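One chain is shown next in structure tokens, namely the form predicted on its own.
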């Protein structure tokens, strides 16, 4: 056995298509449960939603932190892929931007528990944050630029400031059920529109 394989009893090889699809389904289920119930939701709820046994989840993700990080990365990738897809099929670039921001808000709801779970691993959290910025800032820039080029929004909105503003509006929903982050973010997106 090679050093890199120690303890696994198998060689590293790419996952089969069906294995990747199963893992993606599991991560989608975990994300949905995290959005509804927070990152401390019981693993049995995730297993039930994914239609798998709890052993399957623990086999893929031995700790809750492993699962949360995997969900985080999975959602970042889904958001990164959604931007261009929405741009190509939406009625307008501004509509695509609004739909993408709705997905981003859902992601932020899931992400809020991440810091508490990973607080003992600051380097790991910093790595994830850099990954988040590297993947999502270009997508947001593309959406903002397309809407500005189409004359639908004011030009000059910087993607980092915009995403930071959306994130700040989402923070209030953590502790107050009356706080409607999605409504406030909708007002922010509406405020970008050029007056007609």
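The shown structure was predicted, so the numbers you read here are calculated from the model rather than taken from an experiment. Residue numbers count along the first chain shown, from 1. Between two forms, the rigid core is defined as the largest C-alpha subset superposing within 1.5 Å.
Quick note: we don't show the form predicted together with the DNA, though the next part is all about it.
### Task
Would you check, heavy atoms only and a 4.5 Å threshold, whether residue 37 touches the DNA in the model of the complex?
No, residue 37 stays farther than 4.5 Å from the DNA in the model of the complex.
### Task
Would you check, heavy atoms only and a 4.5 Å threshold, whether residue 58 touches the DNA in the model of the complex?
So residue 58 counts as contacting the DNA.
### Task
Please check if residue 154 has a heavy atom lying within 4.5 Å of any heavy atom of the DNA in the model of the complex.
Result no; residue 154 lies far from the DNA in the model of the complex.
### Proximity of residue 176 to the DNA in the model of the complex, heavy atoms at 4.5 Å
Heavy-atom contact with the DNA at 4.5 Å: absent for residue 176.
### Task
Report whether all of 89, 103 and 130 sit within 4.5 Å of the DNA in the model of the complex, measuring from non-hydrogen atoms.
Per the other structure, none of 89, 103 and 130 touch the DNA.
#### Entry: The single option of 137, 171, 150, 43 touching the DNA in the model of the complex, heavy atom within 4.5 Å
Looking at 137, 171, 150, 43 one by one, just 43 meets the 4.5 Å heavy-atom criterion.
### Task
From the candidate stretches 59 to 67, 138 to 146, 155 to 163, 29 to 37, select the single one in contact with the DNA in the model of the complex, where contact means a heavy atom within 4.5 Å.
Of the stretches listed, the one contacting the partner is 59 to 67.
### Query
After fitting the rigid core, is the C-alpha of residue 24 off by 2 Å or more between the shown form and the other one?
Yes, the C-alpha position differs by at least 2 Å between the shown form and the other one.
### Task
Mind checking the CA-CA distance of residue 66 and residue 136 in the model of the complex? It differs by 3 Å or more from this form, so is it closer or farther?
The answer is closer, because the C-alphas of residue 66 and residue 136 approach each other in the model of the complex by 3 Å or more.
### Task
Mind checking the CA-CA distance of residue 101 and residue 46 in the model of the complex? It differs by 3 Å or more from this form, so is it closer or farther?
Residue 101 and residue 46 sit farther apart in the model of the complex.
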